[in-house]
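The chain below stands alone, shown as structure tokens; this is the form predicted alone.
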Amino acid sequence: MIVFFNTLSRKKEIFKPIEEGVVKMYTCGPTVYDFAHIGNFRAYVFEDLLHRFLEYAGYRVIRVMNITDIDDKTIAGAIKENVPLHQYTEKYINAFIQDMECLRLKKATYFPRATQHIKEMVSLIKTLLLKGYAYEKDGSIYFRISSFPSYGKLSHYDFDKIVSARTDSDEYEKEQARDFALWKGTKDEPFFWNTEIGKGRPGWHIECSAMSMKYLGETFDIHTGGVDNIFPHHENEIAQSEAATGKKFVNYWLHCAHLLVNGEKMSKSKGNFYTLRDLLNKGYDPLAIRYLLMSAHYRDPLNFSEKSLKQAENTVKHLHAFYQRVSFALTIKGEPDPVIEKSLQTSSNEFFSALADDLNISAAIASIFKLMRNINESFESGRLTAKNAEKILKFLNRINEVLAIFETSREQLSLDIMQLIRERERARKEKNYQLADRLRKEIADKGIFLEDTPYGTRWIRK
């Protein structure tokens, strides 16, 4: 049984997809006016973990991640650089895809761009106009919130007391301040479309409704994003989608909490603003970045610091070393140890149960560390055999389909280092311990640590 915390109901609910064995999921993607920052990637890593776990649980996942390539920021950037809009955004779209690959984020089934789905947005707006949920004012079209009585059911705000946190520019006239733009009539902007509903461009919210329903249907299983998307973006998505179709838009809403940097909100003015590329340029391991962004429960705020990132690097190194240690045991003959078999089964059950409980990643990782301790004890006592190791590696490879943090390839050392290792082994056999110690230090200076085990000498990179 899998349960997720549904923002709509504000409680954990048993997950049951609309179509048996298939999950249809929409994740809010980037607005491509700049390089994505680590706050963005906190959400994307959470969504990747969700996607991977659902596949681990046996579901086929059909996932859509939109690309917002038309909005005030992309327009401003293109104007500033005096280039066509698509040329300006293409640079950041390509960079985002490269960053995704760097962090081992799975590709969505569909990556629809807003500029390529104007037809679908216009059709949806026409339906809202026809049904009386939308109105035209000075060339722009707005959603009339007063016409949708259940507005606010996702965010649970008292909308009689507040106005949208992301309002439209004052140049656009509306019946009520909280009404939001579906279509913005052009006012001397260089980028626009001539359509049946007028000359202009889409509002921010309409793209997600139009594209999600095109690829996933009028009702689908899961919609995700950061908590900052709950209002107004996701609230507006619900209103315009359900007003148009008369059907429930999404069954499960999952939102991740904010990322903080050194306990503060990330801000360029505070000097604590990082893109992924900033961290990579500092020499940090992308898998450590992924691990850190994933390590806290998605509904808990994550405090990011370079100290915690260095700790994450050490943890990832320990995980790599453990994988290689188990790989080393593939050459060891003997019958499997039943204690190891039992420990492996326990860890497998605990790993799945933790993630099935609203993606409890902390408990899932704890189950792996407990397994590591048990296996390391078996290794050091000489009880680990190839038959055990094969099953352990199979399990680690399986969970790595979810975590994507193990480095499973075996590095090949240079011939000169391998020669030094062989000379040291020969010195130890001849009981020339002074020479063996000197060679060990020489090898260590090259970044290679040697471990003498009951099965022989193995090496790991520091």
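Start at 1 and count along the sequence shown; that's the residue number. The structure displayed is predicted, hence computed values, not measured ones. Rigid core here is just the name for the largest C-alpha set that superposes within 1.5 Å across the two forms.
One more form of this protein, predicted together with the RNA, exists but is not displayed; see below.
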property	result
In the predicted bound form, segment of 340-348, 123-131, 259-267, 193-201 with a heavy atom within 4.5 Å of the RNA	259-267
In the predicted bound form, the one of 73, 86, 383, 107 near the RNA [non-hydrogen atom within 4.5 angstroms]	73
Partner-contacting position among 119, 248, 277, 370 - heavy atom within 4.5 Å of the RNA in the predicted bound form	370
Close approach of residue 103 to the RNA in the predicted bound form, 4.5 Å, heavy atom	no
4.5 Å heavy atom contact, residue 284 to the RNA in the predicted bound form	no
Residue contact check: residue 139 to the RNA in the predicted bound form, 4.5 Å heavy atom	no
In the predicted bound form, residue 185 touching the RNA (heavy atom, 4.5 Å)	no
Joint contact, 155, 297 and 315 to the RNA in the predicted bound form, by non-hydrogen atom at 4.5 Å	yes
Rigid core superposition, residue 424 Cα moves 2 angstroms or more between the shown form and the other one	yes
Rigid core superposition, residue 82 Cα moves 2 angstroms or more between the shown form and the other one	no
Residue 381 C-alpha relocation of at least 2 Å between the shown form and the other one, rigid core basis	no
Direction of C-alpha distance change in the predicted bound form, residue 267 to residue 29 (at least 3 Å)	closer
Pair residue 31/residue 268, Cα separation in the predicted bound form versus the displayed form, closer or farther by 3 angstroms or more	closer
